[in-house]
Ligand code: IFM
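Next up is one chain by itself, shown in structure tokens, the form predicted alone.
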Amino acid sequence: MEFTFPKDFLWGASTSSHQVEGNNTNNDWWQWEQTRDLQSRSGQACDHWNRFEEDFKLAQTFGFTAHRLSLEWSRIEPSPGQFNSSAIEHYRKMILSLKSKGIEPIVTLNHFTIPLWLVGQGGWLSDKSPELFAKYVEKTTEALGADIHYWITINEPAVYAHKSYIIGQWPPGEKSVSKAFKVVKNLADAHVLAYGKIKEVYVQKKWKRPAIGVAQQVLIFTPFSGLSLWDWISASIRDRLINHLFVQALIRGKAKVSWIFSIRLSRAKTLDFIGLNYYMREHVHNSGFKPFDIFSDKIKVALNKSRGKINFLGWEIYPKGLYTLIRIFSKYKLPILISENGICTDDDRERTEFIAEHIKSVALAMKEGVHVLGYLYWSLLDNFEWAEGFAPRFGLIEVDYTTQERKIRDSAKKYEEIIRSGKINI
């Protein structure tokens, strides 16, 4: 059966500032890279800061109608309350470059990194961090909002809390469940304040009403043993914590962080759409039920060969999971954007298959009536993949990090065929 996508369906890809721009020297990740024994440092990355026009021209040739990019807070506000007009103007040029090519900019305000001056104040643990974020958002919206309809405030809050405050793999390298919950609460407060600021600016400027969301990492959690009660419990709790906690807080407006895994806020619904970042299925195992292991990576298990293909990082490829999660998130009665979905592999044929199979899952959910705004592949370019360095290759465009030469992969051409036809067999 053939499915035809709506004419206004958003097709494109995603990037984030620190992973592609290069030389973001004033944020926590750059500092972390210089003081840790990592596989590699971001350095020049893809030099997208200087090569964005070239990269966006390639995106245009693929037939893209949307592109998700992030703004680097540390460039825009290099010191507290001091805003860099040249950095803001540079981002304006990037946004206008996209629009001139018929590509809708989808702008993320925070994609993991924070300015060093905020690190000195405690980062996202600081009670002042939500208000400081809101001030940055207000200034940015006033400067750039005339050309932006779609905003994403926070990228993957649960991932950030997990990596930075539970397993200590990312800056600041903490290992504290209580601090992780406080960070998530502050991120939720930051979103609420930012949502209000963006709306206020648009009303004051008499601009067309914007759409504001978050990008939520979502996974399929499967009990490793169907006979183990602890595996079932652990999988259910991880699903609640990682997939739903943050979104439910913003939709339902609940009270404070508690051990029944809820966040309460003073305001009601503050989402216009939900961004889903989907990559994999995770098999969950917890022997003897150790409560705090629920929050760590200790209960994840290696995949058996029979459990499906894996990518370069060992993540299981499970396209049906995207359909399942879209259906589950449709209960929130908000439009859904597939804000990230991608594979790191050295075999581009796997990337071609990955894209087609996941788009089929999107189409199936839409056929059943779910409102999906668009599909954004991760990533437009090979890039710096945080603690994993440059080895994982996600890009539709291959990057030679020595020469910065770009090369279009065949998977991008196959993706283009789907985009231009607007159809797929399901």
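One rule holds for the numbers: they count along the sequence shown, beginning at 1. Since the model is a prediction, treat every value here as computed from it, not as a measurement.
Another form, the form predicted together with this ligand, is not on view; read the next lines as being about it.
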| query | finding |
| --- | --- |
| Stretch in contact, per heavy atom within 4.5 angstroms of this ligand in the predicted bound form, of 32-40, 59-67, 358-366, 381-389 | 381-389 |
| Listed residue (S164, N155, S234, T113) with a non-hydrogen atom within 4.5 angstroms of this ligand in the predicted bound form | N155 |
| Heavy atom within 4.5 Å of this ligand in the predicted bound form - residue from Y279, Y195, F246, Y136 | Y279 |
| Close approach of E340 to this ligand in the predicted bound form, 4.5 Å, heavy atom | yes |
| Q217: touches this ligand in the predicted bound form, heavy atom cutoff 4.5 angstroms | yes |
| Any non-hydrogen atom of F394 within 4.5 angstroms of this ligand in the predicted bound form | yes |
| Heavy atom of S411 within 4.5 Å of this ligand in the predicted bound form | no |
| Contacts with this ligand in the predicted bound form - residues in 77-94 whose heavy atoms fall within 4.5 Å | none |
